[in-house]
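Following this are structure 1 and structure 2, which are two forms of one protein chain, each written alone as structure tokens.
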Structure 1
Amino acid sequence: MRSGLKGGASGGRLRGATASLILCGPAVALYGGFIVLPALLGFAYSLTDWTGWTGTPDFIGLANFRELCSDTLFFKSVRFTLFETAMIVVFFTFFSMALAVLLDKLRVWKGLIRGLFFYPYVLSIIVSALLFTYLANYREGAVNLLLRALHLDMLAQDWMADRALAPYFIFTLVAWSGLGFFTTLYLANLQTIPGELYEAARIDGAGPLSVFSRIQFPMLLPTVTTNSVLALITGINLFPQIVVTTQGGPGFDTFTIGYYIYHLGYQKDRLGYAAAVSFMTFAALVAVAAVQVAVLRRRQVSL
């Protein structure tokens, strides 16, 4: 064994600590400087009354957080975000599973059909938003034109701007873009189920519904955990979708937490307060996700 393998500089070759520095230096510098630092600064700013890009932040302690407790628009955003998130989590956890199970049964066109469902996921959010904005347009959109052509005029709505419908519009947009992704994760999990289980079920004469409930569903639980957490994160972080479609409208009805933070910063210039809101949201999200994972893991193991 040569000495000098473990560390310390020797003979002009870079070893030990210097080498490690070179190896992870660039990544750590970039990440530390442009992600970690702003995150920490964000927390610091939340304790100030920073307003406007050229303003000077003055320390005001927890005043922002106190204000947050009585901020009605914030709570409205929270309610809307939770409502959307609930729909999104349920949809991506269960509907994707059903679709994956069906897709898994295909023999002839499996790749093609799977490809069709996955395609919207690779489109940019702006593309999906534009497509849906077109479909939903009251005067000229495809959906309403089709309804009118079928003499179903009374069903034509302003799908995007109607107070009652806007939340479902957003949900449909998110569901459409994301379905392929979540279904694919379930499909991957399905591949890991051993063929012998299916064989045994077939011998026992089990029908497809039993096969699903006794074999497939229990073995899909790890992905249920993954998908529901990812769906939760998707829901809570709803923001670009709002910017490119409803812009929080009608009125303030489709304000999500993320959009509210953006609104505070860009339209109200209240950057310190925005930082406080984002910090609270992040803390809450981590807490909820941790609970969700803990609960689901326990169910996973016990089954």
Structure 2
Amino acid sequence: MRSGLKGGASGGRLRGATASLILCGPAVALYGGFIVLPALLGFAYSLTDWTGWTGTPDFIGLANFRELCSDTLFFKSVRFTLFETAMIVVFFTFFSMALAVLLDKLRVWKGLIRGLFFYPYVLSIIVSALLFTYLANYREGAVNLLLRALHLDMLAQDWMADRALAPYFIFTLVAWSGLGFFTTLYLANLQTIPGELYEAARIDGAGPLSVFSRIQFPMLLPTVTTNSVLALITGINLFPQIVVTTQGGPGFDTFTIGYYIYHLGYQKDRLGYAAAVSFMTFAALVAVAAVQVAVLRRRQVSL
């Protein structure tokens, strides 16, 4: 009897393992082939002087990483990327939260207005970047045409070629295209707050600010963690926006880390060195994200 039970249990585990392999195996294989394996190969190439065109790359050890420590263009790219990322994280973490709270209070045309905010996210990044490139054109751009129509010709300029304005132009593009997504995450979380909490706050005479600080904000903290990490990744990975709009200009002022990797690998034929930059960026991103999640989760527990 016991042997039969053991045999049935082992058979059940075998069937479960087989079903898991059938269902998850293809996804795991694709992830391993297209994500894990290229990442491992990238690290291996970072230890070589591979140009991407030559045959067998030569092993050079940590020479690429030593060069990276004195690469001024790399550090310039890091500073610009961090500047953009800081604005993006603050905007998508807090402004989208405030917008979600306001949209949650709508009673008229709720779906239409929410859809208008989400629509830019549906557009591809390339289309959004091309649209902003058109808007910023000096001669035919809609922004300058509007300024001239208002007799404000002195304010018309090439918005992407100005060293002072180009970073904010890129930030505006990212903020416009991604605001709907981050706001929708907050809106979805707001729908999970029990109505009884609002009813109790109303009975106690709590105002909108008290409701937000005592009810909504503590309940939104899990989404704050999610949005801040996603915004961090968005900022660090700025690349297609730069390719379509400024191409790293004026000069090298809008070089992000992603565009610098592209510049090294496909314009300078230094794929080995580009792989080293990619690996260091990945390691730094994982470390920052881990600290960010730990701090925010500790904040959730304290509340």
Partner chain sequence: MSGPGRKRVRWPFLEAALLLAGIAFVSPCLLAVLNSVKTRPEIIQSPLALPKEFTFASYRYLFTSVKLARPMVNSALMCVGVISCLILSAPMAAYSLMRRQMATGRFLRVMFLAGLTIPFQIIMFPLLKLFRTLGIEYTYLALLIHHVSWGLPLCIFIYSGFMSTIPKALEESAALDGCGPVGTFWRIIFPLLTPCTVTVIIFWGLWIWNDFMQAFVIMGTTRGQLVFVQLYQFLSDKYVKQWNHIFAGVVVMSMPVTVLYLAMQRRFIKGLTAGALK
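We call the rigid core the largest set of C-alpha positions that still match within 1.5 Å between the two forms. Fair warning: this is a prediction, and the values are worked out from it, not measured in the lab. Numbering runs along the sequence of structure 1, starting at 1.
Structure number, where the criterion is the form predicted in complex with its partner chain: The chain shown first - structure 1 - is the form that fits the description.
Rigid core superposition, residue 31 Cα moves 2 angstroms or more between structure 1 and structure 2: Superposed on the core, residue 31 moves its C-alpha 2 Å or more between structure 1 and structure 2.
Core-aligned C-alpha movement of residue 21 between structure 1 and structure 2, 2 Å or more: Yes, the C-alpha moves 2 Å or more.
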